[in-house]
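As structure tokens, one chain now follows by itself in the form predicted on its own.
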Amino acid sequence: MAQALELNNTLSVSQITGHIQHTLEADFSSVWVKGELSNLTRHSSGHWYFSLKDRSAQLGAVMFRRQNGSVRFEISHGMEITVHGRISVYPPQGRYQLIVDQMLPAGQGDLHLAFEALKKKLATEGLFDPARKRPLPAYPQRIGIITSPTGAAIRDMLNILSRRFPLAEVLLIPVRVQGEGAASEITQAIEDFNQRADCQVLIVGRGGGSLEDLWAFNEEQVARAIAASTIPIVSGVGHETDTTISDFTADHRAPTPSAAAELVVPDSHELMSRLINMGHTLHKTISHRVDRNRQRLEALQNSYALKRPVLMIEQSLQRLDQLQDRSFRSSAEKINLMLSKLTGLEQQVQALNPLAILERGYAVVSQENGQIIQSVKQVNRGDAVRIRLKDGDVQTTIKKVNPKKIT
């Protein structure tokens, strides 16, 4: 009888394989795996069959044609890779395998994993919550920029800001935007701007580059500095397809540094057009009101009750004409005053342009690594320096250091 019960509970090969498949696919529906690529076969169907192995184990894998078309590097036997996918079971052969949907070189894979881990951590803490995002000021008086002083990004941003809204002043804190120490400099610059508290909006960004080049903007300390800033921050890092942790943490994300500059200021030409339209509207409104009052006065003038005091009505009409002329002159003077003020402020912004100062005969002295020299304490005799002028730069060597004597 006991043997009969056991036979009744016996599973077929398909049934036990199905149970295993269900368990594996449920527990390993999304995994990252790092290993050495081996046994690569590129099937005529376009699918890739290969193995991932390390010193102790081996895992079969397949990457179908619709996924492997997105791989942008050449794969070969023996290379270290990081892949993402899900564990599945291939019933005809009774073996489990990894179905791969994403493949990266080992180095980039590690960065990608670090990116996703930090992104998940900060999202859980609420740093990406839309409710904490702050609006940008409509007409900022002073804009802070945190970027490299020598890259194309700063030139593009300054050109756009001066063209769109020359009323705003621009303050630059130069930092390294890649390599060792870049994240610390960016963090410190954000904190410095918050201590100054004289800017209404900040732009943090740089031009495009590889994942490694942009990594400073994926550092946790930079993300937390952006989140802690009391000044609204716009992140403009890389190209449109680049995404960094700074983009998620910032109050606003721009696809490029140039787009960030356009985002923080209005277009002065559009503002001017609006002012002119408002002036025309005001003129029409006043004219309509004057015509309406004139018609009322003419009606009263022709009425029986006021036919006799014609002189009084004529005086009122003259007074009305004077008021109309005065109103027109006042409107024109106000518009001209605003245009004059806008021009003056535009000239002030241009004069304060950190790059325009080179046109007046000044120079910028920096070390070979690009760091600006602000004190004689930064150089020694024999150091090589670069002197940047308005039309190029020269390289020279320090022959003597003369500190300023403090009396």
Partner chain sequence: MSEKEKTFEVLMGELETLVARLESEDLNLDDAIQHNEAALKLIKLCRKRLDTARQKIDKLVQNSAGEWQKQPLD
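Positions refer to the first chain, counted from 1. Only the largest set of C-alpha atoms that superpose within 1.5 Å between the two forms is called the rigid core. None of these values were measured; they are calculated from a predicted model.
This next part talks about the form predicted together with its partner chain, which is not shown.
Exactly one listed residue, out of Ala138, Ala117, Leu337, Ala197, brings a non-hydrogen atom to within 4.5 Å of its partner chain in the model of the complex: Ala138. With the partner omitted here, the residue from Thr230, Gln318, Thr281, Gln295 that has a non-hydrogen atom within 4.5 angstroms of its partner chain in the model of the complex is Thr281. Shown here without its partner, the chain carries Arg155, Leu167 and Asp192, all of which come within 4.5 Å of its partner chain in the model of the complex through at least one heavy atom. Heavy atoms within 4.5 Å of its partner chain in the model of the complex belong, among the stretches 255-263, 232-240, 211-219, 284-292, to residues of 284-292. Within this chain, Ser268 lines the site of its partner chain in the model of the complex, having a heavy atom no more than 4.5 Å away. Taking the partner from elsewhere, Ala123 is found to have every heavy atom lying beyond 4.5 Å of its partner chain in the model of the complex. Using a 4.5 Å cutoff between non-hydrogen atoms, Met272 counts as a contact of its partner chain in the model of the complex. Contact annotation for Val71: none of its heavy atoms lies within 4.5 Å of its partner chain in the model of the complex.
Contacts between stretch 170-185 and its partner chain, counted in the model of the complex as any heavy atom lying within 4.5 Å, involve Val170, Leu171, Leu172, Ile173, Pro174, listed in sequence order. After superposing the rigid core, the Cα of His283 is displaced by 2 Å or more between the shown form and the other one. Positional change of His77 between the shown form and the other one stays under 2 Å at the C-alpha, relative to the superposed core. The two forms, fitted on the rigid core, differ between the shown form and the other one by 2 Å or more at the CA of Ser273.
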